[in-house]
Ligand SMILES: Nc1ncnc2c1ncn2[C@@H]1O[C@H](COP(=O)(O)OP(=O)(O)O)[C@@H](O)[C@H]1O
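Form predicted alone, single chain, as structure tokens, below.
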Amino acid sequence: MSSMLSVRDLHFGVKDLSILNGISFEVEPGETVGIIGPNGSGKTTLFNCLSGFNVPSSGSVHFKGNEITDMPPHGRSLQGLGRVFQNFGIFREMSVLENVIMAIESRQSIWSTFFPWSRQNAINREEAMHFLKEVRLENSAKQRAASLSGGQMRLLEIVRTLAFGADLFLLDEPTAGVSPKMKEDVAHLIQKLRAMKKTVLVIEHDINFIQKFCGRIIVLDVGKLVLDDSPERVRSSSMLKEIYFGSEAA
């Protein structure tokens, strides 16, 4: 079985500033991998290269066995690569239900949903409600998405990516600005993605949080991959304590 994602000797820089310095790793289908590292280590830049918002200066990215290094973001999305940004990317003026319906419609022919009374529209609405029930947002279906709490917006954004049909999820700090209670709901949703055999990469600062669902953690520092191991071994690494946690990790 080929890897879901293969990153080979990835480099990226801006003018004279080198941000990624030869990063290589592979992710198997169904894996959930955490990515941690201090600020400025290249985590978000790596996601930008994987999702097509940055084009690496050298190296390659393969997704489902196909090279996508130079493919634009929408092309990667259509192939099943979904990204959830640190800043919420939902349509705030649309209803919660409309956000999910739009994701479902985006993978269908425009003619199948052209008429509001069509059977396909009714099917899409029912499917969207099913997705909302998965994150307990069905009672907020008619509300404007802007009225949701930060944690609810995060759940909506992830489940909308699921509704779009993503096989690989890039989650960039999914608990940023989320309450402790909603943080547990986000963790539960990621565990559901695992149960569905989806592949997930999660950028996160809290190793205690990601070890709940990640079987593997990658550590970046100054644009290099310096650790790639189980959560237990990463936590006990003296290198991690030096570059990220300091004496508090002891």
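In case it trips you up, residue 1 is the first one in the sequence shown, and so on. This is a predicted model, so every value here is computed, not measured.
The discussion below concerns the form predicted together with the ligand, not included here.
You can rule out all but one of 31-39, 60-68, 210-218, 188-196: in the predicted complex, only 31-39 has residues with a heavy atom within 4.5 Å of the ligand.
Put simply, residue 44 is close to the ligand in the predicted complex: some heavy atom of it is within 4.5 Å. Within this chain, residue 19 lines the site of the ligand in the predicted complex, having a heavy atom no more than 4.5 Å away.
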